[in-house]
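The data below hold one chain only, encoded as structure tokens and taken in the form predicted alone.
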């Protein structure tokens, strides 16, 4: 999977999956715009050729449009957009989630990818085609893997890529989603830190058949595949990368009126 001559934008590139993927694209020869709201995105690109950092709010249309324009103006076009940025929304139940939190989670997690498709898609068409990838989640497949706002937003992402794939018909643009399971990222750092500090690291990922959590690089490799010519006939799909968790989605059942987590 080589990307010499290709230009990619990766959002949420300040840490975790986004950082691993942005670096992987660059190592494979692509020119990369690493985008994130956090200053940590500067660390992602530090000392690495062919990469530039931009501070961007993934759910803000002006920021997305500006980032796409930056990639085109700096590198001459755009071939790949990985809409990876997202927020968790916390571990609250449906009856405890404020409307404001629902709004913010949907703005970043669902409207963000929609804006990426809207503004990056036409530029990718101008290059003769390419790939758009969105980070969904196993939480978007069924209940039991995340809070209600997060889960609903990721379910929306899965349908979004299916709808977008149809609307790009004949353009050469493919749109797919990745559904990670438990991955060690900034979003899950608290759980990993707690487990290690309390001697429970072996419990992380115990519900999936591989009996371990995943690493960002394992998602990055799938992102590169979906962006590559090797995936030339993969379109409108949600690729699950979760160690087998979603083959059953085992959970501890919640009882009505009791805390969700």
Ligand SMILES: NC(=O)c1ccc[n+]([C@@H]2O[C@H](COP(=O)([O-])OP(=O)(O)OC[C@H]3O[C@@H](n4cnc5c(N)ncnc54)[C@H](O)[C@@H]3O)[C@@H](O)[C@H]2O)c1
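As the structure is a prediction and not an experimental result, all values here were calculated from the model. Positions refer to the first chain, counted from 1.
Separately, the form predicted together with this ligand exists; it is not shown, and the next lines address it.
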Which one of 110, 183, 116, 131 is close to this ligand in the predicted complex, taking close to mean a heavy atom within 4.5 Å?
183
Only one of 187, 91, 125, 94 has a non-hydrogen atom within 4.5 angstroms of this ligand in the predicted complex; which is it?
187
So, a 4.5 angstroms cut-off on heavy atom distances: do all three of 106, 148 and 239 pass it with respect to this ligand in the predicted complex?
no
With heavy atoms only and a cut-off of 4.5 Å, decide whether residue 17 touches this ligand in the predicted complex.
yes
In the predicted complex, does residue 71 have a heavy atom within 4.5 Å of this ligand?
no
Check residue 207 for me: does it contact this ligand in the predicted complex (non-hydrogen atoms, 4.5 angstroms)?
no
Could you tell me if residue 38 has a non-hydrogen atom within 4.5 Å of this ligand in the predicted complex?
yes
Within 4.5 Å of this ligand in the predicted complex, counting heavy atoms only, one of 117-125, 82-90, 167-175, 95-103 shows up; tell me which.
82-90
Within 4.5 Å of this ligand in the predicted complex: residues from 127-144 (heavy atom criterion)
135, 136, 137
